[in-house]
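What follows is one chain in structure tokens, specifically the form predicted on its own.
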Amino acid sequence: MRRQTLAPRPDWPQRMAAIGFDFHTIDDQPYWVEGACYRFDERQIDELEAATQNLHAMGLELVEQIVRSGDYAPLGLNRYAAELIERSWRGREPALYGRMDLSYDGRRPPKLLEYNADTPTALFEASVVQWFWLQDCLPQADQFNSIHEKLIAAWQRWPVETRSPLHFACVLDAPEDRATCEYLRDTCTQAGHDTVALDMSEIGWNGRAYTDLQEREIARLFKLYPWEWLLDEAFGAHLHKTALRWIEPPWKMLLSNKAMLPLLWRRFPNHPNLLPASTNARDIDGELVRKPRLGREGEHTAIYSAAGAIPSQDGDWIYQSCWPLPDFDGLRPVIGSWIVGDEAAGIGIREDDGPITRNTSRFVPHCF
């Protein structure tokens, strides 16, 4: 694994605009890195794929264990959330996609840092944008990227409903959320479904069902909106009253909660793709990372030299042994490894100047 510098395409902004990638620069700062890529060998790609597949299977096994035991306390979930989770899991409601964030240097086994199983973004750039980049810049190389094909195949497993469209909702004012939602809607349309786009604020309730702006009942809804937000809002008071099929399904609340990291470590101790994790900082030897149970894009995440250095352990914190991201002359990549349906589907790489990947990170393409 190495970081390779390349000559930027002279007209790359125009090429990005042509495929609908309109947030390659955010607040005058580059989000897309045009002049570099991460290069792997075939063995390393195979290792990432196998690790992702194994971690996914372990996650599903953990969900089954939690639902069987009914012990939701470690995840901070109440009975209301548990009932939604159990109904969706026992009803075998399918999941669409998720992104595991892995630390990997090409030499040691990939380590799971966290799993965004509910509302992952950086999908369009991982699926489409870096593929077009590869065709232009390194046409003789390959890429671990079957995301687009697997998404269409996943939607094709859903029965086509002629009476009502499949609705897609997000906060449309957020450019990355809008792009992710629109990309997923496009793959769904390519799979043969009728679709409708909505802002989350445009979803209504008529006393028996959620509805769209035409007062049509919403039977199936992809929502790029966290489950914990839904449950905390007045909107969520009606969740039990409807047979609406959610994408992602409620059981994904378990995998998207960072409290799953200690539970996985307890169930699969010393697994080569896991890091020691606990709800008690003193269980972790040496340098450790404190993360909120719920949070995204490095929010409120901090690194400490030892448990005794943490200013406060009050609150819903998860502690994980620190496994630094690889350092390429001060640039630190995290591997976003995608699951579509139940299959590892490809990777996208975000790069930061610091040890924690935040919402100011940059996307770098890859090849092998």
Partner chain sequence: MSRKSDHIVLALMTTALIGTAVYASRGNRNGLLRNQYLSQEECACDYGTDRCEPDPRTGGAIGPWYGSSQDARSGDWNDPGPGGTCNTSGRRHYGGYRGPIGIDRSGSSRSGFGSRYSGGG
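The structure displayed is predicted, hence computed values, not measured ones. Residue numbers count along the first chain shown, from 1.
In what follows, reference is made to the form predicted together with its partner chain, a form of this protein that is not presented.
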Exercise for the section: May I ask you to check whether Ser146 falls inside a 4.5 Å heavy atom distance of its partner chain in the predicted bound form? Expected result: yes
Practice task
Report whether the minimum heavy atom distance between Tyr225 and its partner chain in the predicted bound form is within 4.5 Å.
Solution key: yes
Handout entry: Non-hydrogen atom contact Pro120 with its partner chain in the predicted bound form at 4.5 angstroms
Key = yes
Handout entry: 4.5 angstroms heavy atom contact with its partner chain in the predicted bound form for Ile45
Key = yes
Exercise for the section: May I ask you to choose, among Ser164, Thr242, Asn206, Asn78, the residue with a heavy atom within 4.5 Å of its partner chain in the predicted bound form? Expected result: Asn206
Problem - Candidate from Asp71, Asp199, Glu287, Asp283 lying within 4.5 Å of its partner chain in the predicted bound form - any heavy atom - result: Asp199
Problem - All of Phe132, Pro175 and Gln190 with a heavy atom within 4.5 Å of its partner chain in the predicted bound form - result: yes
Problem - Option from 165-173, 270-278, 256-264, 81-89 whose residues, in the predicted bound form, bring a heavy atom within 4.5 Å of its partner chain - result: 165-173
Exercise for the section: Could you list which residues of 19-35 come within 4.5 Å of its partner chain in the predicted bound form, counting heavy atoms only? Expected result: Ile19, Gly20, Asp22
